[in-house]
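Given next, in C-alpha coordinates, is a single chain: the form predicted on its own.
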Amino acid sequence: MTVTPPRPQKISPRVTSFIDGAPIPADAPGHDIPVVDPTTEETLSQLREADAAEVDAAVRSARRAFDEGPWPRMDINARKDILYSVRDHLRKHAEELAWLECKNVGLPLSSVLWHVQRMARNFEFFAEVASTAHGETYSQTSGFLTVVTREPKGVAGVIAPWNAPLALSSMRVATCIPFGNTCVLKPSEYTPLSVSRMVEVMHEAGLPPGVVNLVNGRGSVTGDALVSHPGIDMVGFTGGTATGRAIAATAGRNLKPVALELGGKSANIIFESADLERALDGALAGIYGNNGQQCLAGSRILVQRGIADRFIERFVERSRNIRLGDPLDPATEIGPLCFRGHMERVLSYADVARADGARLLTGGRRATEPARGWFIEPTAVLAPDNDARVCREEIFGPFATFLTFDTLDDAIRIANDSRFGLVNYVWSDDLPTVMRCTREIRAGTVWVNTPLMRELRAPFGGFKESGIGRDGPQTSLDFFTELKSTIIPIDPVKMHRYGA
(Lines give C-alpha, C1' and ligand atoms only; values in the text may rest on other atoms or scores of the structure.)
Protein backbone atom coordinates (compact mmCIF):
# COMPACT_ATOMS: atom_id res chain seq x y z
CA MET A 1 0.00 0.00 0.00
CA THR A 2 1.12 3.55 -0.71
CA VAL A 3 1.06 6.64 1.47
CA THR A 4 -1.16 8.53 -0.98
CA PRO A 5 -4.00 10.13 1.00
CA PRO A 6 -7.22 8.15 0.48
CA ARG A 7 -10.14 9.86 -1.19
CA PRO A 8 -12.97 11.21 0.99
CA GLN A 9 -15.73 8.68 1.53
CA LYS A 10 -19.43 8.90 2.20
CA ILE A 11 -20.46 8.68 5.85
CA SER A 12 -23.94 7.52 6.78
CA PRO A 13 -25.76 10.20 8.83
CA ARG A 14 -26.84 7.49 11.28
CA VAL A 15 -24.97 4.30 12.15
CA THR A 16 -27.09 1.38 13.35
CA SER A 17 -26.67 -2.26 14.31
CA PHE A 18 -26.16 -4.97 11.71
CA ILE A 19 -28.20 -8.08 12.59
CA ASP A 20 -28.92 -11.25 10.66
CA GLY A 21 -27.18 -10.00 7.54
CA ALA A 22 -28.81 -6.56 7.31
CA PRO A 23 -28.57 -3.14 8.97
CA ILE A 24 -31.27 -1.91 11.30
CA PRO A 25 -33.19 0.84 9.44
CA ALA A 26 -31.65 4.27 9.91
CA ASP A 27 -35.00 5.76 10.98
CA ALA A 28 -35.53 3.24 13.80
CA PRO A 29 -36.15 4.97 17.14
CA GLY A 30 -33.45 4.91 19.77
CA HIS A 31 -30.87 6.86 21.75
CA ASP A 32 -28.32 8.65 19.58
CA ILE A 33 -24.67 9.30 20.44
CA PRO A 34 -22.67 11.86 18.41
CA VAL A 35 -19.73 10.49 16.44
CA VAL A 36 -17.11 13.24 16.41
CA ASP A 37 -14.09 13.92 14.21
CA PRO A 38 -11.22 14.41 16.70
CA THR A 39 -9.31 16.52 14.18
CA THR A 40 -12.00 19.15 13.56
CA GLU A 41 -14.25 18.54 16.61
CA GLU A 42 -17.19 18.39 14.17
CA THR A 43 -19.95 15.76 14.35
CA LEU A 44 -19.53 13.17 11.60
CA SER A 45 -22.62 11.07 12.26
CA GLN A 46 -25.00 9.83 14.93
CA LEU A 47 -24.68 6.39 16.48
CA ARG A 48 -27.93 4.68 17.41
CA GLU A 49 -27.41 2.77 20.64
CA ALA A 50 -28.57 -0.83 20.82
CA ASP A 51 -30.63 -1.52 23.94
CA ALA A 52 -31.08 -4.89 25.66
CA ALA A 53 -33.88 -5.92 23.28
CA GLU A 54 -31.73 -5.24 20.23
CA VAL A 55 -28.79 -7.10 21.76
CA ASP A 56 -31.16 -9.99 22.35
CA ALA A 57 -32.13 -9.96 18.66
CA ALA A 58 -28.45 -10.02 17.66
CA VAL A 59 -27.67 -12.90 20.00
CA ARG A 60 -30.71 -14.84 18.76
CA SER A 61 -29.51 -14.38 15.19
CA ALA A 62 -26.05 -15.66 16.09
CA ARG A 63 -27.65 -18.50 18.02
CA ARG A 64 -29.77 -19.58 15.02
CA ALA A 65 -26.76 -19.37 12.75
CA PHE A 66 -24.85 -21.65 15.10
CA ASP A 67 -27.61 -24.07 16.12
CA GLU A 68 -29.36 -24.40 12.74
CA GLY A 69 -27.31 -22.66 10.07
CA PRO A 70 -24.71 -23.97 7.65
CA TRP A 71 -21.62 -22.24 9.10
CA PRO A 72 -20.59 -24.74 11.83
CA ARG A 73 -21.52 -27.69 9.57
CA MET A 74 -19.76 -26.40 6.47
CA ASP A 75 -16.86 -28.27 4.96
CA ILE A 76 -13.73 -26.51 6.12
CA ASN A 77 -12.66 -25.81 2.55
CA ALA A 78 -15.96 -24.04 1.82
CA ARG A 79 -15.66 -22.02 5.03
CA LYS A 80 -12.07 -21.18 4.16
CA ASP A 81 -13.13 -19.98 0.70
CA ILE A 82 -15.58 -17.53 2.28
CA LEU A 83 -12.93 -16.25 4.69
CA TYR A 84 -10.51 -15.74 1.79
CA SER A 85 -13.28 -13.84 0.01
CA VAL A 86 -13.64 -11.69 3.14
CA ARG A 87 -9.90 -11.00 3.00
CA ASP A 88 -10.08 -10.04 -0.67
CA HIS A 89 -13.09 -7.77 -0.26
CA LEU A 90 -11.52 -6.01 2.71
CA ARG A 91 -8.40 -5.35 0.65
CA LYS A 92 -10.55 -4.06 -2.20
CA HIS A 93 -12.12 -1.55 0.22
CA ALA A 94 -8.84 -0.72 2.00
CA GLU A 95 -8.83 2.92 0.91
CA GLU A 96 -12.39 3.49 2.12
CA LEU A 97 -11.75 1.80 5.45
CA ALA A 98 -8.48 3.66 5.99
CA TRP A 99 -10.18 7.01 5.39
CA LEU A 100 -12.96 6.20 7.85
CA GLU A 101 -10.43 5.12 10.48
CA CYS A 102 -8.37 8.29 10.11
CA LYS A 103 -11.45 10.51 10.30
CA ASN A 104 -13.11 8.77 13.23
CA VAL A 105 -10.09 7.78 15.35
CA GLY A 106 -7.51 10.43 14.48
CA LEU A 107 -4.75 7.92 13.80
CA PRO A 108 -2.04 8.96 11.34
CA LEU A 109 -2.36 7.43 7.90
CA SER A 110 0.96 5.62 8.36
CA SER A 111 -0.50 3.68 11.30
CA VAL A 112 -3.87 3.06 9.67
CA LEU A 113 -2.38 1.57 6.49
CA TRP A 114 -0.67 -1.04 8.64
CA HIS A 115 -3.92 -1.69 10.53
CA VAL A 116 -5.85 -2.22 7.29
CA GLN A 117 -3.31 -4.77 6.11
CA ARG A 118 -3.48 -6.56 9.46
CA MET A 119 -7.30 -6.58 9.34
CA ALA A 120 -7.38 -8.51 6.07
CA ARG A 121 -4.46 -10.76 7.02
CA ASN A 122 -6.17 -11.82 10.25
CA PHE A 123 -8.95 -13.58 8.32
CA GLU A 124 -6.50 -15.29 5.99
CA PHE A 125 -4.26 -16.45 8.81
CA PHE A 126 -6.94 -17.94 11.06
CA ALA A 127 -8.69 -19.56 8.09
CA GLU A 128 -5.44 -21.44 7.60
CA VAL A 129 -5.27 -22.30 11.30
CA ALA A 130 -8.80 -23.72 11.20
CA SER A 131 -8.04 -25.73 8.06
CA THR A 132 -5.12 -27.49 9.78
CA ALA A 133 -6.82 -28.17 13.12
CA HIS A 134 -6.91 -31.86 13.93
CA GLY A 135 -7.93 -34.33 16.57
CA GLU A 136 -6.21 -37.25 18.27
CA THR A 137 -6.63 -41.01 18.56
CA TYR A 138 -5.59 -43.36 21.35
CA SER A 139 -5.45 -47.13 21.13
CA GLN A 140 -3.25 -47.91 24.10
CA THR A 141 -6.08 -49.41 26.13
CA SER A 142 -6.62 -52.92 24.85
CA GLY A 143 -9.89 -53.41 22.98
CA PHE A 144 -10.79 -49.73 22.65
CA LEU A 145 -10.24 -46.87 20.25
CA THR A 146 -10.62 -43.33 21.63
CA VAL A 147 -11.09 -40.51 19.15
CA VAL A 148 -10.68 -36.89 20.29
CA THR A 149 -12.34 -34.28 18.08
CA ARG A 150 -12.72 -30.50 18.23
CA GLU A 151 -16.06 -28.79 17.89
CA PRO A 152 -16.91 -25.07 17.75
CA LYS A 153 -17.85 -23.71 21.15
CA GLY A 154 -20.89 -21.62 20.22
CA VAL A 155 -21.78 -17.94 20.22
CA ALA A 156 -19.18 -15.38 21.30
CA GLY A 157 -19.66 -11.86 22.55
CA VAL A 158 -16.64 -9.93 21.28
CA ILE A 159 -15.88 -6.36 22.33
CA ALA A 160 -13.30 -4.18 20.61
CA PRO A 161 -11.62 -0.93 21.77
CA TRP A 162 -11.42 2.52 20.20
CA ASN A 163 -7.67 2.89 19.78
CA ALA A 164 -7.25 0.61 16.72
CA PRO A 165 -10.77 -0.45 15.70
CA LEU A 166 -10.06 -2.28 12.45
CA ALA A 167 -6.99 -4.21 13.60
CA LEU A 168 -8.37 -5.21 16.98
CA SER A 169 -12.02 -5.89 16.10
CA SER A 170 -10.91 -8.03 13.16
CA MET A 171 -8.59 -9.97 15.46
CA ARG A 172 -11.47 -10.69 17.82
CA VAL A 173 -13.74 -11.87 14.98
CA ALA A 174 -11.05 -13.68 12.97
CA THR A 175 -9.94 -15.80 15.93
CA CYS A 176 -13.57 -16.83 16.52
CA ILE A 177 -15.52 -17.61 13.36
CA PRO A 178 -13.06 -19.76 11.34
CA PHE A 179 -13.59 -22.63 13.79
CA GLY A 180 -17.36 -22.63 13.13
CA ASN A 181 -18.48 -20.25 15.86
CA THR A 182 -20.73 -17.24 15.42
CA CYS A 183 -20.49 -13.93 17.23
CA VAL A 184 -21.92 -10.57 18.20
CA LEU A 185 -19.39 -7.76 17.90
CA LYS A 186 -19.57 -4.50 19.86
CA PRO A 187 -17.09 -1.79 18.89
CA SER A 188 -16.51 1.33 20.94
CA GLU A 189 -19.23 3.95 20.81
CA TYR A 190 -16.51 6.50 20.03
CA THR A 191 -15.25 4.80 16.87
CA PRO A 192 -18.02 2.86 15.08
CA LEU A 193 -17.57 4.05 11.50
CA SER A 194 -14.80 1.83 10.11
CA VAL A 195 -15.97 -1.28 11.99
CA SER A 196 -19.55 -0.86 10.78
CA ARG A 197 -18.33 -0.70 7.19
CA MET A 198 -16.00 -3.65 7.77
CA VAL A 199 -18.94 -5.83 8.81
CA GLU A 200 -20.94 -4.73 5.75
CA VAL A 201 -18.03 -5.63 3.47
CA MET A 202 -17.71 -9.05 5.11
CA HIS A 203 -21.31 -9.80 4.15
CA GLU A 204 -20.76 -8.48 0.63
CA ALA A 205 -18.00 -11.11 0.45
CA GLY A 206 -20.49 -13.91 1.09
CA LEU A 207 -20.51 -14.37 4.86
CA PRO A 208 -23.81 -16.09 5.78
CA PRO A 209 -26.32 -14.05 7.80
CA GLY A 210 -26.01 -14.34 11.56
CA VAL A 211 -22.39 -15.44 11.64
CA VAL A 212 -21.23 -11.92 12.55
CA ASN A 213 -23.71 -9.49 14.06
CA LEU A 214 -22.89 -5.92 15.10
CA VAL A 215 -24.37 -3.93 17.97
CA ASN A 216 -23.36 -0.40 18.95
CA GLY A 217 -23.48 1.52 22.18
CA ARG A 218 -21.93 2.25 25.53
CA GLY A 219 -20.42 -0.45 27.67
CA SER A 220 -22.86 0.20 30.51
CA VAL A 221 -25.84 -0.36 28.19
CA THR A 222 -25.00 -2.44 25.13
CA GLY A 223 -21.87 -4.11 26.46
CA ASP A 224 -23.44 -5.20 29.72
CA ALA A 225 -26.48 -6.61 27.93
CA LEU A 226 -24.18 -8.59 25.64
CA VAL A 227 -21.88 -10.02 28.31
CA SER A 228 -24.75 -10.98 30.62
CA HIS A 229 -26.95 -12.52 27.89
CA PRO A 230 -27.63 -16.23 28.54
CA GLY A 231 -27.22 -17.02 24.84
CA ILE A 232 -23.56 -16.02 24.87
CA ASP A 233 -21.16 -18.93 25.42
CA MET A 234 -17.85 -17.05 25.73
CA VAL A 235 -16.55 -13.48 25.78
CA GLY A 236 -13.52 -11.92 24.12
CA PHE A 237 -12.54 -8.39 25.10
CA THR A 238 -9.71 -6.02 24.23
CA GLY A 239 -9.52 -2.84 26.27
CA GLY A 240 -8.80 -1.36 29.68
CA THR A 241 -8.10 -3.40 32.78
CA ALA A 242 -10.92 -1.90 34.86
CA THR A 243 -13.49 -2.79 32.19
CA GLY A 244 -11.93 -6.22 31.73
CA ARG A 245 -12.28 -6.89 35.45
CA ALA A 246 -15.99 -5.99 35.33
CA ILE A 247 -16.55 -8.17 32.24
CA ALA A 248 -14.80 -11.13 33.86
CA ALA A 249 -16.94 -10.75 36.99
CA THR A 250 -20.18 -10.69 34.98
CA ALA A 251 -19.13 -13.61 32.79
CA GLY A 252 -17.88 -15.57 35.79
CA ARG A 253 -21.27 -15.52 37.47
CA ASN A 254 -22.54 -17.57 34.53
CA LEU A 255 -19.36 -19.65 34.14
CA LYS A 256 -18.61 -18.16 30.73
CA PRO A 257 -14.95 -18.36 29.72
CA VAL A 258 -13.23 -15.08 28.90
CA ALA A 259 -10.24 -14.05 26.81
CA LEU A 260 -9.03 -10.62 27.90
CA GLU A 261 -6.28 -8.51 26.39
CA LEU A 262 -5.97 -5.58 28.77
CA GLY A 263 -3.72 -2.67 29.69
CA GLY A 264 -0.02 -2.22 30.14
CA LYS A 265 2.63 -0.03 31.69
CA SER A 266 5.51 -1.58 29.88
CA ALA A 267 9.18 -1.00 30.60
CA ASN A 268 11.43 0.03 27.73
CA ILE A 269 14.94 -0.69 29.04
CA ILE A 270 17.94 1.10 27.46
CA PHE A 271 21.27 -0.39 28.54
CA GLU A 272 24.68 1.20 28.09
CA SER A 273 25.48 -1.75 25.81
CA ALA A 274 22.73 -0.75 23.34
CA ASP A 275 23.08 0.80 19.92
CA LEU A 276 21.82 4.17 21.14
CA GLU A 277 20.60 5.48 17.79
CA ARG A 278 18.43 2.41 17.26
CA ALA A 279 17.28 2.51 20.87
CA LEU A 280 16.33 6.17 20.52
CA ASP A 281 14.29 5.46 17.39
CA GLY A 282 12.67 2.52 19.13
CA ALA A 283 11.84 4.44 22.30
CA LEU A 284 10.18 7.22 20.32
CA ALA A 285 8.15 4.73 18.28
CA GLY A 286 7.27 2.74 21.37
CA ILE A 287 5.55 5.64 23.13
CA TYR A 288 4.43 7.97 20.32
CA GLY A 289 3.27 5.42 17.75
CA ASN A 290 -0.51 5.22 17.27
CA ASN A 291 -0.74 8.64 19.00
CA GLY A 292 0.50 6.93 22.17
CA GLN A 293 -2.87 5.18 22.42
CA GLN A 294 -1.71 1.57 22.53
CA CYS A 295 -1.56 -1.03 25.25
CA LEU A 296 1.87 -2.00 23.86
CA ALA A 297 3.39 1.40 24.58
CA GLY A 298 6.84 1.44 26.13
CA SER A 299 5.65 4.13 28.51
CA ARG A 300 8.24 3.59 31.28
CA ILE A 301 11.60 4.27 29.68
CA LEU A 302 14.37 2.94 31.93
CA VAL A 303 17.79 4.32 31.00
CA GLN A 304 21.08 3.19 32.53
CA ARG A 305 22.62 6.07 34.46
CA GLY A 306 25.84 6.37 32.47
CA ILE A 307 23.96 7.28 29.28
CA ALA A 308 20.80 8.77 30.80
CA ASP A 309 21.53 12.48 30.41
CA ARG A 310 22.61 12.18 26.80
CA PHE A 311 19.81 9.81 25.83
CA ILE A 312 17.05 11.83 27.49
CA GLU A 313 18.33 15.06 25.97
CA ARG A 314 18.20 13.52 22.49
CA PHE A 315 14.75 12.07 23.14
CA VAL A 316 13.37 15.45 24.23
CA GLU A 317 14.91 17.19 21.23
CA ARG A 318 13.32 14.69 18.84
CA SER A 319 9.98 14.90 20.67
CA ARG A 320 9.82 18.64 20.11
CA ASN A 321 10.30 18.12 16.37
CA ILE A 322 7.45 15.62 15.94
CA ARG A 323 4.90 16.71 13.35
CA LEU A 324 1.35 17.04 14.65
CA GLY A 325 -1.45 17.49 12.15
CA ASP A 326 -4.24 16.11 10.01
CA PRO A 327 -4.17 12.29 10.21
CA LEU A 328 -4.82 12.10 6.45
CA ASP A 329 -1.62 14.04 5.69
CA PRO A 330 1.14 11.46 5.04
CA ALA A 331 3.65 13.78 6.77
CA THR A 332 1.75 13.70 10.08
CA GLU A 333 3.44 11.68 12.83
CA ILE A 334 0.94 12.24 15.66
CA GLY A 335 -2.73 13.03 15.21
CA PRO A 336 -5.33 14.09 17.77
CA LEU A 337 -6.35 11.94 20.71
CA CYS A 338 -9.54 10.04 20.10
CA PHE A 339 -12.05 12.06 22.15
CA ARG A 340 -12.15 15.11 24.36
CA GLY A 341 -12.50 13.30 27.67
CA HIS A 342 -9.44 11.21 26.93
CA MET A 343 -7.40 14.26 25.95
CA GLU A 344 -8.31 15.92 29.23
CA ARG A 345 -7.40 12.78 31.17
CA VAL A 346 -3.97 12.50 29.53
CA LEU A 347 -3.27 16.20 30.12
CA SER A 348 -4.19 15.83 33.80
CA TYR A 349 -1.14 13.60 34.31
CA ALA A 350 1.16 16.59 33.84
CA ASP A 351 -0.18 17.93 37.15
CA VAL A 352 -0.06 14.44 38.66
CA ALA A 353 3.61 14.19 37.68
CA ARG A 354 4.47 17.53 39.28
CA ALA A 355 2.63 16.59 42.47
CA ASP A 356 4.71 13.40 42.70
CA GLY A 357 7.97 15.29 42.31
CA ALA A 358 8.56 14.43 38.65
CA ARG A 359 10.21 16.95 36.34
CA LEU A 360 8.41 17.93 33.16
CA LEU A 361 10.90 17.67 30.32
CA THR A 362 8.70 18.68 27.41
CA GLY A 363 5.05 19.01 26.46
CA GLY A 364 2.32 18.57 29.04
CA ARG A 365 0.02 21.04 27.27
CA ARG A 366 -2.69 21.09 24.66
CA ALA A 367 -1.12 21.93 21.33
CA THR A 368 -1.74 25.41 19.92
CA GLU A 369 -1.14 24.17 16.37
CA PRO A 370 -3.34 22.80 14.88
CA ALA A 371 -5.76 25.31 16.34
CA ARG A 372 -8.66 22.85 16.46
CA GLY A 373 -8.77 19.22 17.44
CA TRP A 374 -7.80 17.20 20.50
CA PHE A 375 -4.05 17.48 20.03
CA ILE A 376 -1.54 17.47 22.86
CA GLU A 377 2.17 18.13 22.69
CA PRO A 378 4.36 15.02 22.89
CA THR A 379 5.16 14.82 26.58
CA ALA A 380 8.01 13.41 28.65
CA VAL A 381 8.72 13.56 32.39
CA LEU A 382 11.57 12.36 34.61
CA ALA A 383 10.10 10.52 37.60
CA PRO A 384 11.77 10.49 41.02
CA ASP A 385 11.18 6.74 41.38
CA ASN A 386 8.93 3.91 40.24
CA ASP A 387 6.33 4.68 42.93
CA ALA A 388 5.16 7.82 41.14
CA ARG A 389 1.66 7.56 39.72
CA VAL A 390 2.95 8.24 36.22
CA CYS A 391 4.97 5.02 36.59
CA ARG A 392 2.09 2.98 38.01
CA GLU A 393 -0.96 4.00 35.98
CA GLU A 394 -1.65 3.52 32.29
CA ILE A 395 -1.91 7.00 30.78
CA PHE A 396 -2.57 5.81 27.22
CA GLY A 397 -1.29 8.80 25.32
CA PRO A 398 1.91 10.38 23.96
CA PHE A 399 3.29 10.66 27.49
CA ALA A 400 6.70 9.14 28.28
CA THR A 401 7.99 8.61 31.81
CA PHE A 402 11.76 8.28 32.33
CA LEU A 403 13.49 6.43 35.15
CA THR A 404 17.20 5.81 35.62
CA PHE A 405 18.86 2.63 36.91
CA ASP A 406 22.37 1.46 37.74
CA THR A 407 22.58 -2.31 37.31
CA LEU A 408 20.92 -5.12 35.41
CA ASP A 409 19.33 -6.32 38.64
CA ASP A 410 17.87 -2.84 39.18
CA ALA A 411 16.39 -2.80 35.68
CA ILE A 412 14.70 -6.18 36.07
CA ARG A 413 13.37 -5.28 39.51
CA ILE A 414 11.88 -1.99 38.28
CA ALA A 415 10.43 -3.61 35.16
CA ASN A 416 8.66 -6.25 37.24
CA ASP A 417 7.46 -3.77 39.87
CA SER A 418 4.12 -3.22 38.16
CA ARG A 419 0.65 -4.68 38.33
CA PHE A 420 0.83 -5.04 34.53
CA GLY A 421 2.84 -7.46 32.42
CA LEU A 422 1.90 -7.12 28.77
CA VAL A 423 5.17 -6.44 26.90
CA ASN A 424 8.72 -5.33 27.59
CA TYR A 425 11.44 -3.81 25.43
CA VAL A 426 15.16 -4.54 25.88
CA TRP A 427 17.86 -2.60 24.05
CA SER A 428 21.32 -4.15 24.41
CA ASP A 429 23.96 -5.79 22.23
CA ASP A 430 25.23 -7.83 25.18
CA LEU A 431 23.88 -11.38 24.95
CA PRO A 432 24.04 -12.25 28.69
CA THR A 433 22.12 -9.04 29.49
CA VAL A 434 19.45 -9.88 26.92
CA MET A 435 19.09 -13.47 28.13
CA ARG A 436 18.72 -12.43 31.77
CA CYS A 437 15.96 -10.04 30.79
CA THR A 438 14.07 -12.53 28.65
CA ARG A 439 14.26 -15.11 31.43
CA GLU A 440 13.36 -12.94 34.41
CA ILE A 441 11.02 -10.20 33.19
CA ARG A 442 7.37 -11.03 33.82
CA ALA A 443 5.71 -10.05 30.57
CA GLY A 444 3.88 -11.88 27.79
CA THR A 445 6.16 -10.52 25.06
CA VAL A 446 9.77 -9.34 25.25
CA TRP A 447 11.04 -7.36 22.26
CA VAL A 448 14.81 -7.27 21.90
CA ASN A 449 16.29 -4.41 19.87
CA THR A 450 13.04 -3.91 17.99
CA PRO A 451 9.76 -2.14 18.59
CA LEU A 452 6.26 -3.46 18.02
CA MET A 453 6.79 -6.55 15.85
CA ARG A 454 3.77 -8.87 15.96
CA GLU A 455 4.20 -12.51 14.98
CA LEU A 456 0.73 -13.97 14.40
CA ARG A 457 2.09 -17.50 14.79
CA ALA A 458 3.12 -16.78 18.38
CA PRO A 459 0.74 -16.33 21.32
CA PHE A 460 0.08 -12.75 22.39
CA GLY A 461 -1.25 -11.63 25.76
CA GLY A 462 -0.18 -10.50 29.18
CA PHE A 463 0.81 -11.51 32.68
CA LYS A 464 -0.89 -10.20 35.83
CA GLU A 465 -3.49 -7.47 35.23
CA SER A 466 -2.66 -7.29 31.53
CA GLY A 467 -5.06 -10.07 30.69
CA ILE A 468 -6.27 -13.64 30.67
CA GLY A 469 -5.45 -15.99 27.82
CA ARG A 470 -3.63 -15.42 24.55
CA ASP A 471 -4.40 -14.70 20.91
CA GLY A 472 -2.57 -17.09 18.64
CA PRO A 473 -3.02 -20.25 16.56
CA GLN A 474 -3.05 -22.87 19.32
CA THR A 475 -4.36 -20.66 22.10
CA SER A 476 -7.28 -19.34 20.02
CA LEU A 477 -8.06 -22.88 18.88
CA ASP A 478 -8.15 -23.99 22.51
CA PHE A 479 -10.40 -21.09 23.55
CA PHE A 480 -12.90 -21.21 20.70
CA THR A 481 -13.34 -24.99 20.45
CA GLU A 482 -14.47 -27.78 22.74
CA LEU A 483 -12.74 -31.15 22.96
CA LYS A 484 -14.88 -34.27 22.72
CA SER A 485 -13.69 -37.80 23.43
CA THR A 486 -15.53 -40.62 21.68
CA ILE A 487 -14.71 -44.11 23.01
CA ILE A 488 -15.41 -47.05 20.71
CA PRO A 489 -14.89 -50.75 21.54
CA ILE A 490 -12.89 -52.67 18.96
CA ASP A 491 -14.14 -56.02 20.24
CA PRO A 492 -17.48 -56.84 21.90
CA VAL A 493 -17.42 -55.64 25.51
CA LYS A 494 -17.96 -58.23 28.19
CA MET A 495 -20.36 -56.72 30.69
CA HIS A 496 -21.99 -57.94 33.83
CA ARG A 497 -25.65 -58.67 33.11
CA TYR A 498 -27.48 -57.09 36.03
CA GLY A 499 -30.63 -58.93 37.03
CA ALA A 500 -30.09 -61.77 34.57
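Every value quoted in this text rests on a predicted model; they were computed, and no experiment measured them. One-based numbering along the sequence shown.
As for the form predicted together with a small molecule, it is not shown, yet the points below apply to it.
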Seminar exercise, completed: In contact with the small molecule in the model of the complex (heavy atoms, 4.5 Å), from 322 to 330, 392 to 400, 355 to 363, 126 to 134, is stretch 392 to 400
Exercise. Taking 4.5 angstroms as the cut-off for heavy atoms, does residue 218 touch the small molecule in the model of the complex?
Worked result: yes
Exercise. Does at least one non-hydrogen atom of residue 386 fall within 4.5 angstroms of the small molecule in the model of the complex?
Worked result: no
Exercise. Can residue 447 be called a contact residue for the small molecule in the model of the complex at 4.5 Å between heavy atoms?
Worked result: no
Problem set entry | Any non-hydrogen atom of residue 122 within 4.5 angstroms of the small molecule in the model of the complex | no
Exercise. Since exactly one of 114, 405, 311, 162 fits, which has a heavy atom within 4.5 Å of the small molecule in the model of the complex?
Worked result: 162
Seminar exercise, completed: Checked 298, 187, 336, 157 for heavy atoms within 4.5 Å of the small molecule in the model of the complex; positive is 187
Exercise. Should the three residues 224, 237 and 264 be counted as contacting the small molecule in the model of the complex, with contact defined as a heavy atom within 4.5 Å for each?
Worked result: yes
